[in-house]
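Listed next as C-alpha cells is one chain, alone, in the form predicted on its own.
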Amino acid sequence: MLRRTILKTAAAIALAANMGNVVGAELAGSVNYIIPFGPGGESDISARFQQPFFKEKFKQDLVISYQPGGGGAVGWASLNGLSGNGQTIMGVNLPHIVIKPAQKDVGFTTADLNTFYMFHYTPDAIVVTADSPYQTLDDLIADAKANPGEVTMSGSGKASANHLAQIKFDKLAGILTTYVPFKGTGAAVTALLGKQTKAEWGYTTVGAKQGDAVRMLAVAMDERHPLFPDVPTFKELGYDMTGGAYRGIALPNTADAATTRMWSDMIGEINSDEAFRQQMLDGGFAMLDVGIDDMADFMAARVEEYLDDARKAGLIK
C-alpha cells in the first residue's frame, strides 16, 4: 500500500513537472484530452465523467477537445505527430483501431498506438422499443427465421462493434437479419424510436439513457448488468457472446516508459474510485481495469478475435 501511494505521489509530481515544460503559458497546468469523435457520444460522456476526478486527485485540468473524422481514424493517424511529454492524451476504441487499418491504409496501424489503459466497455445489446412485439430474444429470432432478411436492425457504423455483433449473432442463432448502419449511436437510436427499424444493435448505455422508452432483450456480458437485473445475458440464453465497444486512452508513441506508466497509474487510480465506478455503472457502462502491464496480452486477444470475425464476415481479406 505504501509503495502504491509513493508511486501515485511521484506520478502526480512528474505530471506537474511535464506541465511546466510545455511551451506557452496558456497551456501550463492542463492536459489536452482529445476525443477522436464529435461531442455527445459514449467516448465523450466517459471523458466528462473522468474530468472532475482527475482535477480532484491530481490538481490539473483535463481539457477535452474533439477531432472527428473517419470514424476516429483522423485523430488516431495524427496522434504520433503530437508531443509525447505527457501533455496530450487521446481516446481509443476497440474494435475500431483494429478493423480500420486492416481494411485499408488509414494513416496508422494498431501497433502504432501507445494504448496504456482500457477502462470500460459498453456491452452490446439488442434493443427494441417498449411497444415492440418482441418481448423476448426468442420472439425476434422466430420472426427472423420465418422472414429472412426482414428483421431490420440499426447500429452505429460499419465494421463496428455493433456490426460485428450482428454478424456473429446471426451465425450463432442461424438467422438472417438486415443491419442498417448509422453515423453514431444517437442516430441509430433515433431510427429505432422512429420505427425505421424493428430493433437496434445498441449498448447497455442506450437502455440507461432511454429508460422506459426501450426494452433490451439480451446483453453481451458474462453476468447481468447491475443496472438491468431483469435483462438476461446472451450466454444465459445459449449464445456465447460477450463484448462490445471497448474504450481506453493512448499517448503518442514518443512518450517514454516513465510517462506511460505514470498515466497508467493515474487513470487506474480514477478507475478504482468507488464514486467514479458507480457513476459509470449508473450510466450503463461496464468497467475494465487493463493497465500497461496487461495491455499487450489484452490487445493480442482482441486483435485475433476481431480479425477472425471480420474475415469470416467478409469485411476484410
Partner chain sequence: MQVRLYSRFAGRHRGEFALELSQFLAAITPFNIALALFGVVAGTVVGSIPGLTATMALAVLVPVTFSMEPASALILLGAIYTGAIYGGAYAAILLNTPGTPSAIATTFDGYPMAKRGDGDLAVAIACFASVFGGLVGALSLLLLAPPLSKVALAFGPVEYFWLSIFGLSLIASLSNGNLVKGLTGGAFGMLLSTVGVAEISADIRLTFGSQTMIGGFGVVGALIGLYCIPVLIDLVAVPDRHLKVEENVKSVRIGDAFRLTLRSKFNLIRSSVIGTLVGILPGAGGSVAGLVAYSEAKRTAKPDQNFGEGEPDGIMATESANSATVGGGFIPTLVLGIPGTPPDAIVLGALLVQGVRTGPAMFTQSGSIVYTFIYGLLIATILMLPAGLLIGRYAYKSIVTIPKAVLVPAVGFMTIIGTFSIRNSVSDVIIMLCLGVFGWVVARFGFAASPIVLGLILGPIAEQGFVQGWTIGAATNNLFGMFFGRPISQGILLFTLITLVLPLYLARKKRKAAMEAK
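Nothing here was measured: the structure is a model prediction, and the numbers come from that model. Numbering follows the first chain given and starts at 1.
The same protein also has a form predicted in complex with the partner chain, omitted here; what follows describes it.
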query	finding
The partner chain in the model of the complex: contacted by all of 45, 106 and 180, heavy atom 4.5 Å	yes
Contact test in the model of the complex: residue 288 vs the partner chain, heavy atoms, 4.5 Å	no
Proximity of residue 224 to the partner chain in the model of the complex, heavy atoms at 4.5 Å	no
4.5 Å heavy atom contact, residue 64 to the partner chain in the model of the complex	yes
4.5 Å heavy atom contact, residue 138 and the partner chain in the model of the complex	no
Proximity to the partner chain in the model of the complex (heavy atom, within 4.5 Å), stretch among 165 to 173, 109 to 117, 232 to 240, 195 to 203	195 to 203
Sequence-ordered list of residues in 143 to 179 near the partner chain in the model of the complex, where near means a heavy atom within 4.5 Å	149, 150, 152, 157, 158, 159, 178, 179
